[in-house]
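Taking the form predicted on its own, here's one chain by itself in structure tokens.
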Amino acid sequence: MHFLGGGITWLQPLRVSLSLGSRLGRVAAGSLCRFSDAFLTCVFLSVRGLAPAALKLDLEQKLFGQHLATEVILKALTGFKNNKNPKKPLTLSLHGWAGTGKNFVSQIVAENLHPKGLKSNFVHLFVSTLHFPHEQKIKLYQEQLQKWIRGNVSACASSVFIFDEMDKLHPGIIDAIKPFLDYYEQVDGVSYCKAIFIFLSNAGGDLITKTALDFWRAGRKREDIQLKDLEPVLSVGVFNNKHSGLWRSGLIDRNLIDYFVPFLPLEYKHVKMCVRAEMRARGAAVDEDIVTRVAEEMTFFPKDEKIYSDKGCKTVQSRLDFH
């Protein structure tokens, strides 16, 4: 990615032709080697496919309190990768408050699809406030985005594109990629049907929390919440939310988002799970006294019941540094 003056981000597309005929023979030797390595790596990953058991283990052991996200993402990815002839790209929209695991899940997905994860040449992360900051530059961003995606899917059909902070994305920008997500075999000679698009957003967090709280107050377990309890209200709510990045978007209007994945607010017990996992990741023995102290330092809502962590597990790492 190259940065121009005035805070504008230029997303330079990887312009590579997959025709291995005479045109490729005219490419410089160094460029050919780099292209061949990338192309062969992409082919190898496509042949290798997804290991559902490994993805399931990662989600169950590393993601806490998110039974819906675990179930939906596992089924969606497994079904998509097992389909040798998908009719459109897989498009997932992950919703929930900060610290509930959306970014973490996108990292897990990336690592299960491409060994280098977010560092892979075939995984592309866009952050709204970094890459698309200026409202007056929407048209430019749309053009850059189309070029970047077209170029990279041309180079590797199984590319993954992750859009973070969708709730901060200026409305209209994301609709530039609508033709790539639709049911087209090809768009201008390029097939996008094996690509994966993942949107991450805080929008809809209030709707998810309301449903979770309704279940809790009715004495029902959070595990009883089903996708059908949240997905319809989530899609409508995001579509009508001016701050969702998907406000009145053709992606929703045309039903091009395959799954709206809700991330539930995390309870005290889930925060403790996060602390234990972080201690293990640091190679330290789990000290339950420290686990309890870190969890009790967090703030919880609603004001009276104090059920859910207002930052999820987002500040667990920094708080653990003090113990």
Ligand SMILES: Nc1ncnc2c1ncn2[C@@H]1O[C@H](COP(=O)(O)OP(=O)(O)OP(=O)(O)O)[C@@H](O)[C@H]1O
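The numbering used is simple: start at 1 and walk along the sequence shown. Fair warning: this is a prediction, and the values are worked out from it, not measured in the lab.
Missing here is the form predicted together with the ligand; even so, the following discussion is about that form.
For the three marked residues, L68, I73 and S235, no heavy atom of any sits within 4.5 Å of the ligand in the model of the complex.
Look at 98-106, 224-232, 170-178, 114-122: in the model of the complex, residues with non-hydrogen atoms within 4.5 angstroms of the ligand sit in 98-106. In the model of the complex, the ligand sits beyond 4.5 Å of every heavy atom of C42. With a 4.5 Å cutoff on heavy atoms, V294 does not count as touching the ligand in the model of the complex; it lies far away. Contact check for K56: every heavy atom lies farther than 4.5 Å from the ligand in the model of the complex.
Interface membership of L266, defined by any non-hydrogen atom within 4.5 Å of the ligand in the model of the complex, is confirmed. Checking L63, M279, M298, L256 for any heavy atom within 4.5 Å of the ligand in the model of the complex turns up a single hit: L63.
Of the listed positions (N202, N241, T209, Q144), a single one reaches within 4.5 angstroms of the ligand by any non-hydrogen atom in the model of the complex, namely N202. In the model of the complex, the residues of 287-323 lying within 4.5 Å of the ligand by at least one heavy atom are, in order, C313, K314, Q317.
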